[in-house]
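Presented as structure tokens, the chain that follows is alone, the form predicted on its own.
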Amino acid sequence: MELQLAVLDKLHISAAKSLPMEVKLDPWGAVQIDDYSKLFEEFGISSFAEMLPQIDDPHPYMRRHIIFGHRNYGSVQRAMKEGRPFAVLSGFMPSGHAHFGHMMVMNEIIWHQQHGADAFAAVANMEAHAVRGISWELCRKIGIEDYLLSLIALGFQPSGHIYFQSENYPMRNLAFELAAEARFSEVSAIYGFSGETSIGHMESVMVQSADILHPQLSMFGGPKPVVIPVGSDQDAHIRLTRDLAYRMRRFLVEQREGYVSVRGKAASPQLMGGAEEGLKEAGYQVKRYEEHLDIPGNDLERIDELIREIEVKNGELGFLPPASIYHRFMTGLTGGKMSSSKPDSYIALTEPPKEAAGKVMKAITGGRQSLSEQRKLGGEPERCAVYEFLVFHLSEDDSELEEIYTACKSGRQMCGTCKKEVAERIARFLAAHQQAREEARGRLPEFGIKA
């Protein structure tokens, strides 16, 4: 088992490289991360390894350390374990073909739905229209044909919520409320906006924050833990939204030495009185001051939950800051990050199986310059896009991956043999997936989607 984890941990990590100190995680650019451990230091992302022992039925992405980091996933894990409400949400910008990289997010949404989450999938057509200039009509076509059919084919159930941003008015109303709490200077600093950035592009940022928070609206059962599966390049959205969630609260609940302080940020005297009364009814001793309440002890989590309930009863939102999980990027077939803007770097989920197999046979691998050198020195599977397809998508057997890895490193496995096997598996997968997509087309009405 230790060898397997060591093998899987080497994927996407180069000990000789490190993240530049001034790296900017750009949601709209191509970011190649060579050393994911630097994200723990630079951006405060926590290692997912600490969560893994607490998850009873981890997804292979978790087990294989493809999901490498998180923010506050413990709140989701506890809700999952205790059978309490929680949600999962992610979105897809309809700017190009859905490929195996996008399928990672789809699988993460579906896994959480299978484990009890209220699942949300957004088609980010407002973002695509504002940022990429794609027409509304084309956004809808790409959203359905490339993304939603595959999402449903992979197992997304009608109990979840699929929507286009432009058609979700409760979410759009929330975006307006969030915009009132955001400041141009901070948004510009986070995203690098300039005087040439369109207002629509800026608005799309607030829409994405509203996407993330709106599963906590009363129409969906109120505040609850929500997890957002993303690549690390999307962390800017998560950080901003977590800040906005705090700002939308009417009380700040903090642990002090020996007591919990409940401070009214924008609470009316009536709401302050309601908080005092609610805490006393719950059995707490409360000392009231003009702008805050003090409660002896260290029961921070329970007091925050009670205050949140009081906010919601009084018409406030009471948001919990969203959790997030971060997965490694897939390496493109031509090297670098797999990207929708580089057709040769990816295999689309709608690609003809034969053409996809041909791409694999031409892909960059971790092999040496010659067969003799390969036999002598062995290959480098940790640098191989073809081996990655097995780890990410095409093998359910960890021992098989270890065997292939070891054979490659020892020089016993040649790249041609591996490419052929992976090409055949991809062709079989795509043939089956595309058949399932056609069956999903007839099910679109179940999800409230008009083709």
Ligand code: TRP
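We number the residues from 1 along the sequence you see. The structure displayed is predicted, hence computed values, not measured ones.
Keep in mind that the form predicted in complex with the ligand is missing from the display, and what follows is about it.
For the candidate spot formed by S75, D304 and L306, no residue has a non-hydrogen atom within 4.5 angstroms of the ligand in the predicted complex. Comment: 208-216 is the region of 255-263, 208-216, 291-299, 110-118 lying near the ligand in the predicted complex, near meaning a non-hydrogen atom within 4.5 Å. Site annotation in the predicted complex: the residue of S324, S150, S90, S345 reaching within 4.5 Å of the ligand with a heavy atom is S90. Of the residues T350, T334, Q234, S339, just one reaches the ligand in the predicted complex with a heavy atom at 4.5 Å or closer; this is Q234. Among residues of the shown chain, A98 is not one whose heavy atoms approach the ligand to within 4.5 Å in the predicted complex. Using a 4.5 angstroms threshold between heavy atoms, V230 counts as touching the ligand in the predicted complex. When the ligand is considered in the predicted complex, D146 lies well away from it, no heavy atom lying within 4.5 Å. Not displayed here, the ligand is approached by A124 to within 4.5 Å at the level of heavy atoms in the predicted complex.
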